[in-house]
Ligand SMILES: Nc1nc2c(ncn2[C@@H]2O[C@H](COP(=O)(O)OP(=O)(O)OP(=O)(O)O)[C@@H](O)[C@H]2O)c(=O)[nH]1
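Only one chain comes next, encoded as structure tokens, the form predicted alone.
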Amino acid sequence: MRVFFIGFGQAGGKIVDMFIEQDKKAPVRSFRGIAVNTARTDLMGLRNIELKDRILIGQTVVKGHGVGTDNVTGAKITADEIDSIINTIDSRGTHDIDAFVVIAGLGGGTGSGGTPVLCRHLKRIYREPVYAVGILPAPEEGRLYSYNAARSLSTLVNEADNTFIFDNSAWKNEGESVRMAYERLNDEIVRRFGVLFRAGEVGKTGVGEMVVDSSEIINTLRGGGVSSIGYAISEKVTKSAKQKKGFLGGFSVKKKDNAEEVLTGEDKSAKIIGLVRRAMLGRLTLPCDYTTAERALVLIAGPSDEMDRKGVEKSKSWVEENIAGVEVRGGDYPLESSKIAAVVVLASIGDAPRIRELLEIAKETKEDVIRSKERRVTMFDDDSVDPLFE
């Protein structure tokens, strides 16, 4: 899948920078990316996105210093400078891409405000689907960030073709520094989406038996709304028993190989089914009620000799039994690796407690702001002293 990434704001820019780094190491180049920001220092901190692909907006308004967590200003600046952003995207080439993916932290100012605006214009201009990856702030980051995220998300779900959510609070580890936490969380995002978007590539290991191409992903995500991704990885894969020499050194080799092949085949199926269960029931990018998902996609990636059609089919059936809808797509993605990974996309989720909590926090914050304005008094409200002028 050929993807055009747009990193909006500090968080989005860093993640796209990591995607470009991953793409440079891959045998097939599939990703293209730019970074958009109102803060010059954030753009200068990127390492893999070329300088010509870093766009500074709002210079006449905020002088390159960012919008200070004001996402209304972020949205206005983006709307005012949307033509220059679209022209930059056009100049990088869009004729061969399969989808746009806009990535942003939803609790800040630039990405939170600008992403819905950009998604609206991309959908208006291009035929390719426009997806968003939104990172939710943890509650302890402050109510302002939660309020920003709620406003941004409630707008974004109506502007993007589908919105993937990554919840920081579900992935934090105790005692971890802020810098280490963000690096690890960004790495988790890039690993999951990297496997998903690269599915269907033709590499040294050939093509999978059940190919997951861009149309499979696009059809899974076509319902809109909010989606979550599960991911699980196996221990290092050991060589199968059939590759070892027989104990009798040549007697009844064919019979023994056939028996072992049946046993290892069953083992491969069980391993794949177990991985898919772990991916779906384990830590999702957005903790949610998976039984409310309308569609799903199951992808198994790893060494070609560990791919098992029966295991993939059984995994798809198990996922179908556990979600609200009946559309479950899936396949395998052979690659050079010593491990097997399972990716499960749960599309168009009907219920996620974290989002309900976020919207509730935003509602309370708005009410508190209104009350505080009504109660506001200052030391200089006394009219006994006349001002110099009115």
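Please read all numbers here as calculations on a predicted model, not as lab measurements. Quick note: we count residues from 1 along the sequence shown, nothing fancier.
What comes next is about the form predicted in complex with the ligand, which is not displayed.
**Item:** Candidate stretches 339-347, 63-71, 359-367, 324-332 - the one whose heavy atoms come within 4.5 Å of the ligand in the model of the complex
**Value:** One stretch meets the cut-off, namely 63-71.
#### Entry: 4.5 Å heavy atom contact, residue 141 and the ligand in the model of the complex
Residue 141: contacts the ligand in the model of the complex.
**Prompt:** Heavy atom to heavy atom, is residue 100 within 4.5 Å of the ligand in the model of the complex?
**Reply:** Contact with the ligand, no.
The ligand contact at residue 307 in the model of the complex, heavy atom, 4.5 Å: No, residue 307 sits far enough from the ligand in the model of the complex that none of its heavy atoms falls within 4.5 Å.
Notebook entry, point to check: Is residue 230 close enough to touch the ligand in the model of the complex, meaning at least one heavy atom pair within 4.5 Å?
Noted result: Although the ligand is absent here, residue 230 would stay clear of it in the model of the complex, with no heavy atoms inside 4.5 Å.
Next item on the list: Verify the flagged residues 11, 14 and 109 against the ligand in the model of the complex: is each one within 4.5 Å by a non-hydrogen atom?
Entry: All of them do, each having a heavy atom within 4.5 Å of the partner.
### Query
the ligand isn't shown here, but in the model of the complex which of 302, 311, 116, 105 has a heavy atom within 4.5 Å of it?
Exactly one listed residue reaches within 4.5 Å, namely 105.
The single option of 288, 189, 217, 130 touching the ligand in the model of the complex, heavy atom within 4.5 Å:
Flagged contact: 189.
Query raised in the report: Can you name the residues of 16-37 that have a heavy atom within 4.5 Å of the ligand in the model of the complex?
Result: Only 37 sits within 4.5 Å of the partner.
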